[in-house]
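Take a look at this one chain, the form predicted alone, written out in structure tokens.
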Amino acid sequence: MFKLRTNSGRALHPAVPALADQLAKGEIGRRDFLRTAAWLGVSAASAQAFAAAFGGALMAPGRAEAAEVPKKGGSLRFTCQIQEMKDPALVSWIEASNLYRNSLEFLTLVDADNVTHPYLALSWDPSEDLKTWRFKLRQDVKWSNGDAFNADDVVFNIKRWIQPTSKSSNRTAFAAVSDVEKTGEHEVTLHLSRPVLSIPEMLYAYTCPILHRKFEEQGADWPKNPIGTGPYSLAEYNVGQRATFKRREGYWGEPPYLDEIRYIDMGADVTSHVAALAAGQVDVLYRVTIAELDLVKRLPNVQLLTGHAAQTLCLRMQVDQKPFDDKRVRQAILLAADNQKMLDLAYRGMGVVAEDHHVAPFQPEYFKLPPLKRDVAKAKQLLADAGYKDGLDVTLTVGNTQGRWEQDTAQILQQNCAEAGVRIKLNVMPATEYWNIWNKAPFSVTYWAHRPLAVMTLDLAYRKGAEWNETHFDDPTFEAALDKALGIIDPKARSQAMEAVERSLQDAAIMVQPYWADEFTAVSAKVKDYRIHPAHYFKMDKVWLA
């Protein structure tokens, strides 16, 4: 049997042998073993070799893969939004991270199989109680301005994430981190107020790139002062037009293949993006929606990439706004909703029906709850009990930020609720304006992107005072259950602990969360080794052009 080893060379965490025993007995799957072992500091290579004796290969999402020898050179054209952006820790649109991801790097890297690997951090060692995490950093990294990367950079970033005045979503995500300490020139130690197992994975969130330690002193505007440790340098950044990255000499890692990557903003209409791909004007699309799927399948010299993802729509209600401050109203809307119909008609069945608690069946913490059974008669009774025996008029705001399927989903809910006496008026807004009010409207449709762990989303969206708590949900029982789940190493026990978390959200009836939507994108046939990532995190250093 292959021996398990840590990246640091130190002793295994005390929980690792039990984890390996669970794998050997078939009590947990290979994927759960690999993810959990990686969080505990076990090297991916040794964990893969160990696990190979107990199962097949992981299922990989779509990939534009080549059997040929990679070629160097060329300029790749990628279409996506290019919005105003200054501080990467404050961005709320994922496309931004795919821009600065060429120049800025993270402490860890989470691959498309959701397994965590070393990146700027060579290794990590959690204490037995998961409340102290020691990270050893690479010593061979240089910033693009010539400075050496060291522990001061990491301490600077994490301190600004967790400070009380921070406006970053990282303040909520890393609320358990009470302090970060420089414990060596290339070593930092995180001190937590409560156990959290997934710290290494959380460090690859798109708001967590490591900025130079003088970022604020030098103006706190990254596109104007684009210092980075990554393989490319930002050459130009024009909002709403284009951004260009050029290969950087002296990069610490393996040099990338492409000479240049040009990001082109072609507006929000994905159909025009597909047309540009067909005409050879661009090489990679950020995404394809369900509306363009058939068109893309018919295009010659184009690769369609697909995969499951924990991306979803939440048709959510604010619990402190009338009439949604009455739980009976919220329950009536959930009981009237037909989640299967929304998936089948709005997304052509290409996804998985959800259970109104924002945890996906392919996320590692998932505990299966019985889905809510549609009951129009009971919905009517709840409305009558709430004082709306003649029906209720509400407005649902939708921004189509990811495509028309958002509005299609809302229209089906509109039809569902009409049967119960809830008359929904749709307020359809331009996508560019929606994000200004996304957390202000009492009843609206919000797109939530994939995150590898459900607890990362729940931390951001449903804790009291959380930066992105759009429902204004406030339940100490839910938070205590979530805290408990965050500190459990055993994958089976963690899933069982999530039952209480999921029930809290489902019982509170704060959202109709109808389905998990598969993701799609398309690239030119000449693009090689481009792999779809469930979180839409696209790392370009291994991509090349035939």
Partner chain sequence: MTRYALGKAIEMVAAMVAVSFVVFLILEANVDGVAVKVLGQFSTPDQRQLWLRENGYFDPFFLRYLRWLWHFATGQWGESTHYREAILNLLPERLAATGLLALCTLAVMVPLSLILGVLAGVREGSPIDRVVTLFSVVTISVPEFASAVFLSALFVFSLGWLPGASTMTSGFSWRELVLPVMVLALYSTGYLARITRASMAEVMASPYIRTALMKGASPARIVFRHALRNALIAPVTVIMLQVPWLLSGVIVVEVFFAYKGFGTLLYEASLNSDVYVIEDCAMVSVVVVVSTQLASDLIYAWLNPRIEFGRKAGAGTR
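The shown structure was predicted, so the numbers you read here are calculated from the model rather than taken from an experiment. Numbering follows the first chain given and starts at 1.
As for the form predicted together with its partner chain, it is not shown, yet the points below apply to it.
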property	result
Listed range touching its partner chain, judged in the model of the complex by heavy atoms within 4.5 Å, from 428 to 436, 336 to 344, 442 to 450, 303 to 311	428 to 436
N225, heavy atom within 4.5 angstroms of its partner chain in the model of the complex	no
is_contact(D474, its partner chain) in the model of the complex, heavy atom dist at most 4.5 Å	no
In the model of the complex, G240 touching its partner chain (heavy atom, 4.5 Å)	yes
Any non-hydrogen atom of R262 within 4.5 angstroms of its partner chain in the model of the complex	yes
Of G219, G184, G267, G391, the one that lies within 4.5 Å of its partner chain in the model of the complex (heavy atoms)	G267
Answer option from V352, I412, A276, I94, heavy atom within 4.5 Å of its partner chain in the model of the complex	A276
Those residues of 478 to 499 which, in the model of the complex, come within 4.5 Å of its partner chain by heavy atom	none
